[in-house]
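Encoded as structure tokens, the following chain is the form predicted alone, with no partner shown.
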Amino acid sequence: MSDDPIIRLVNLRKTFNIKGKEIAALADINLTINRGDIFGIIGKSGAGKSTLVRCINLLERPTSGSVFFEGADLCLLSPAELRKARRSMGMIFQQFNLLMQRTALENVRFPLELAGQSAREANPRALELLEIVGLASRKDAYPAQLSGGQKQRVAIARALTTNPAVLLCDEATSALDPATTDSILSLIKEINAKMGVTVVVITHEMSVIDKICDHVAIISKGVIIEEGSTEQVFFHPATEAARKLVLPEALQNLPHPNAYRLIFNGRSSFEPVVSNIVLNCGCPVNILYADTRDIGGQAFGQMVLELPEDPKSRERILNYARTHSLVLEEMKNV
């Protein structure tokens, strides 16, 4: 990742006229996405995130403001210039959008055929991309013969046929099970690392963001309410909306007067953190929730602990956390 902006949204606004009433879907959006970044845009249903990603490639034309891509304002381009710019933006969707009467190979080569290549000319590139996404052996399979994850791999290969500089992912893993989601996210991260493709991830799931994104913007009611590095937003959310996205939904409506979030941002996976707290402080804690993962022997993620009701016992635990560089923060405004 560099500090070279590839996408800049400046004072972006999008309104829709519904039954004679003007509805603001996006309001004064300002975002900068750097070349080589994996940038996440997260929000709940109806927040405006899908409208935002469609404004990036002008599938939705903004009501006002500018969309700069590679230094050019897409809103000012001629139709021919805009078509050329869009070839540098691949897009994948939640429902795959494959042509059901075409094989995997035929789906991948379809954009090249639209650009004027014959099937014979397009085949080598299509086969190369199916190899990259791990589906060369299923090149003759039709979508109905493929699993959800395989369909998304075909869609990713198709999005890469024109050698795009940017890959836009609109809820690309929402229709997949957790294991398949992880494999698709790993593939997207590998494509970013090996091919240098900038990735924009649209999702409503923080677990998707914290697995692959470098930076994240949180959108709520058409407004960007928080933006920063994924680590910063995940470990230290500054707004209530961000905290609600970071914490599991099951914990958000339950009373937790003594609930604290224990954050793992690179401690050794082999360190018995909770056991050490209990043994050193001489009081029990209750694990309400845990979502941690081992990355190269280091632990990343979070736990929600219920600390003792006794104030002195609770203070002993908090002092232990401070002196041992543990991030243990009280859950508030959730």
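A residue's number is simply how far along the shown sequence it sits, counting from 1. Keep in mind that what you see is a predicted model, and the values were worked out from it rather than measured.
Omitted here: the form predicted together with a small molecule. The next part is about that form.
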Quiz item: Is there a non-hydrogen atom of F16 within 4.5 angstroms of a non-hydrogen atom of the small molecule in the model of the complex?
Solution: yes
Exercise. Look up in the model of the complex whether T51 has a non-hydrogen atom within 4.5 angstroms of the small molecule, and give yes or no.
Key: yes
Practice problem: Considering only heavy atoms, tell me if G46 and the small molecule come within 4.5 Å of each other in the model of the complex. | Solution: yes
Self-check item: is_contact(A25, the small molecule) in the model of the complex, heavy atom dist at most 4.5 Å
Solution: yes
Quiz item: in the model of the complex, which of the listed residues (E171, D182, E227, D214) lies with a heavy atom within 4.5 Å of the small molecule?
Solution: E171
Quiz item: Pick from 65 to 73, 270 to 278, 284 to 292, 37 to 45: which stretch has non-hydrogen atoms within 4.5 Å of the small molecule in the model of the complex?
Solution: 37 to 45
